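Before any questions on how it binds or moves, here is one chain, the form predicted alone, in structure tokens.
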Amino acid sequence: MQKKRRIQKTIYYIVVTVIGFLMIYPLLWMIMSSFKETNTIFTTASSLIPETFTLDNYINGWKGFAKITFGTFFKNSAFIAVIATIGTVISSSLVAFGLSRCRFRGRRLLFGAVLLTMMVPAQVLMVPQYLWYQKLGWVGTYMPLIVPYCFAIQGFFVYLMYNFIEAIPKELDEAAKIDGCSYFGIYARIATPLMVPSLVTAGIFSFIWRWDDFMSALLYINDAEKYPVCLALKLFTDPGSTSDYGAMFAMSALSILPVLLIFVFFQKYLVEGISTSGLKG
């Protein structure tokens, strides 16, 4: 029996390893291609390992365009992602707490409306949102990429935190009320410390989505100096002349690092937030 289980485990790990390698192969190919000479990337596409390693792609890519270094694009992306993430986490937690703890007429209807927003494709809202932001004079600024997320517009995060708050014993709220806490005091002193796993989970997802939000940046940002990384990468490809794919792959590899580091350092909270919210909901 032990020999049979050992064979089954060996086969299982081999199959999982092969599938995992196939899934990350495009990413590995891009990273390894960033160390190849640009004119050899597609002629040696079948080979994962570069014949000669070079860092020229990283040097050329970091120089950027029109005296705008790629550091500026990284700074723009970080600004958008961090501010929008903070706004998302705070607003979503407040809305989730209100829907869970505050009893008012139409509460369930409002919660249903929040869930319905998860089912509306973002593409359907692009035109009316653009016209609205144009009237406000926000086109060409970071406002459309930041301000809406400060008003809990993403139902997924509200739902995630709502389930987490529902699992917190209501006796803690009653004890806090006896001590003179208001609803906001209960939120700040009781709920927020207990919601850390769900807050971190929402923060990770929000940061990743804002960092990779190419479509919104394409619609609203028209000044190259304000481009985030996801939009600046397209500048390396020019249909009318030669494209610097080596530099594009190099900067693409660097653009993955912030998201990868956040995932590595906060993986514990991410798993805990998702699992406990799912079980307690």
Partner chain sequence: MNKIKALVFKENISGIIFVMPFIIGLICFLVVPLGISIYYAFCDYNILSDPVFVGLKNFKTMLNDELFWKSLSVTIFYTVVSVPLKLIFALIVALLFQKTTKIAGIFRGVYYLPSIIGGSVAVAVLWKRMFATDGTINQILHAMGVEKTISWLGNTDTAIWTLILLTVWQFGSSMLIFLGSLNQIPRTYYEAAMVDGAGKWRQFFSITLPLLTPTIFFNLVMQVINGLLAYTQCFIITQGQPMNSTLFYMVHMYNETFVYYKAGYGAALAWVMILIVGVFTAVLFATKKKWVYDGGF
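C-alpha atoms forming the largest set that superposes within 1.5 Å between two forms make up the rigid core. Nothing here was measured: the structure is a model prediction, and the numbers come from that model. Positions refer to the first chain, counted from 1.
Beyond what is shown, the protein has a form predicted in complex with its partner chain; the following relates to that form.
Interface membership of Leu219, defined by any non-hydrogen atom within 4.5 Å of its partner chain in the predicted complex, is confirmed. Its partner chain in the predicted complex is approached by Phe151, whose closest heavy atom lies within 4.5 angstroms of it. For the chain shown alone, Lys63 is not a contact residue for its partner chain in the predicted complex, no non-hydrogen atom being within 4.5 angstroms. Using a 4.5 angstroms limit between non-hydrogen atoms, Phe265 is distant from its partner chain in the predicted complex. With its partner chain left out of view, the stretch that reaches within 4.5 Å of it through heavy atoms in the predicted complex is, among 78-86, 194-202, 160-168, 131-139, 131-139. For the residues Tyr58, Tyr245, Tyr227, Phe70, the 4.5 Å heavy atom test against its partner chain in the predicted complex is passed only by Tyr245. If you take 209-228 and check each residue for a heavy atom within 4.5 Å of its partner chain in the predicted complex, you get Asp212, Phe214, Met215, Leu218, Leu219, in sequence order.
Taking 2 Å as the criterion, Ser252 does not count as shifted between this form and the one not shown: its C-alpha moves by less than this amount when the rigid core is aligned.
Once both forms are overlaid on the rigid core, the distance between the two CA positions of Asn39 between this form and the one not shown is 2 angstroms or more.
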